[in-house]
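Just the one chain here, laid out as structure tokens, in the form predicted on its own.
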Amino acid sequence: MQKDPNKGYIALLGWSLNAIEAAENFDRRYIVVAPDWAEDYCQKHDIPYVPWNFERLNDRSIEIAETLKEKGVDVAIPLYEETVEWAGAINSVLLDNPRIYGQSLLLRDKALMKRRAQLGGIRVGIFEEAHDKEDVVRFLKRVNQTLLKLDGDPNDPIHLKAFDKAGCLGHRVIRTPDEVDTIPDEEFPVLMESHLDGWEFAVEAWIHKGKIVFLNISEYVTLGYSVFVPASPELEKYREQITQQIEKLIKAFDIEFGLIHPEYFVTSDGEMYFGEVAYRPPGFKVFELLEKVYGFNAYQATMLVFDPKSTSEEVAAFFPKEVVDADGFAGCFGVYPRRRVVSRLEIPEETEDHPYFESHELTAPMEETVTKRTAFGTHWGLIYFKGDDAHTLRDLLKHQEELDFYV
């Protein structure tokens, strides 16, 4: 696609073929910043590329910002969790605004993030940092004391999360002091938080000049397994409340532009609790699902709101109207083998024959023994569905959990 020199020049931090393809087909110049292993591929396919290894920020970190500035790059976009801090550091140089780096640290460290949200008047559960196993046992006991549990009552669970990993990585649920012994020492320090009973959902909000320009609600059927967009009418009825929460978040974190991906809980009495917020595209291919129902490319949308040269008119013209412009519902299911030993991939007939079934990206198993999942683990691939009814789709996604795809 013809590139417009009057529009922003964008650096993509990290590696995503879908993001690169979106940039190729968009009217802005772009460059990919990725580790050395991407070099051959980029040369072969004429992809503008600059090598950089995203280790911890150190004394040399400023080099990449200066390299991009010399090339005339306007803004850097993080594609996954580990590049959020880098984007903050680079953009504070490119946009000459040191506060952007500080903001990216808040969006990376889950404990700081919760404190900042709390200061902004946003409801969060009880949380604390743990440096060792004793801290976890103490927190478990304290939370259950607070809930006035009696001896013999089952404990309310607590959640443990890595400080700065994406989504479900390093996420554990702890119910008894005995379970604490199973945590390897190298996982510390961790964030501990009380369990929130409620309906968990995620939001993707594109922000331009401090205002929400498009807000999608992603409905989880089972966390770590399945999600669909737009949300069912039951969850969409909270849209106004959810929008107010996101506006509070934008204010609390001082967000001027970009894409945010927060997670929330809504309790049975309609209260909203903040879980966490990420400053990067969501996992589980939600961008691809959005394209299936709305027809716009969410990576291009992200480049648009990050680009300091985008006009409000251009942004308004790009986005469809939430929910009313959606053509049905699209969802995906992450497959985990249910057996300990598997020899082949076999898609159940009832899945493939369902009118909502679209495609899958599952591959034959590489080895026969299924490695034991630590915490949430990583799924083996996704199956995509699309249809007209949210409830049919929700039940279908839920039902996939009972089927074997690897036998």
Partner chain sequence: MTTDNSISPPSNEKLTGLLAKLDDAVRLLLQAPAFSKPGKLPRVLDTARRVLLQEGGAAAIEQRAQALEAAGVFAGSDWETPQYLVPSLTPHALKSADPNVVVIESLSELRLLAVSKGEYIHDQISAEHAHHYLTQTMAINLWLLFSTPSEAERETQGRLAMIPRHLFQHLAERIGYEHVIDQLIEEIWRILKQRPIQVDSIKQMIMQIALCQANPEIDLGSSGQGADRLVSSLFGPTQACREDPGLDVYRERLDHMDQASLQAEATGFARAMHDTGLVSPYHPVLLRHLLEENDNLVAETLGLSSTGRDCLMCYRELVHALIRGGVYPATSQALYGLSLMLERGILYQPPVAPAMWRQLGLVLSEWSEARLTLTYGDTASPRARLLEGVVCMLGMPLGVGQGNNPTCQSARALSMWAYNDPDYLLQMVAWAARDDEIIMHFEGQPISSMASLSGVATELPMDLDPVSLLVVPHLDRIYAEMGRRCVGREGDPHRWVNPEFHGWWSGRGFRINVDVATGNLFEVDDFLRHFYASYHPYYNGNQPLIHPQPAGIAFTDSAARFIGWHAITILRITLDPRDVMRVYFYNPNNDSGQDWGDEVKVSTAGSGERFGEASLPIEQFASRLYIFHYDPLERGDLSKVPDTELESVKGYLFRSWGASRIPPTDLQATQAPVK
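No experiment lies behind these values; they were computed from the predicted model shown. Positions refer to the first chain, counted from 1.
Quick note: we don't show the form predicted in complex with its partner chain, though the next part is all about it.
Although the partner is absent from this view, Phe357 contacts its partner chain in the model of the complex, with a non-hydrogen atom inside 4.5 angstroms. Its partner chain in the model of the complex is not approached by Thr392, whose heavy atoms all lie more than 4.5 angstroms from it.
Proximity of Leu382 to its partner chain in the model of the complex falls outside the 4.5 Å heavy atom cutoff. Residue contact with its partner chain in the model of the complex: His45 places a heavy atom within 4.5 Å of it. Note on contacts: among Lys292, His261, Arg172, Arg108, the single residue with a heavy atom within 4.5 Å of its partner chain in the model of the complex is Lys292. This chain appears without its partner; in the model of the complex, the one residue of Asp353, Asp36, Glu70, Glu367 with a heavy atom within 4.5 Å of its partner chain is Asp353.
With respect to its partner chain in the model of the complex, the three residues Leu17, Tyr41 and Glu349 uniformly fall within 4.5 angstroms at the level of their nearest heavy atom.
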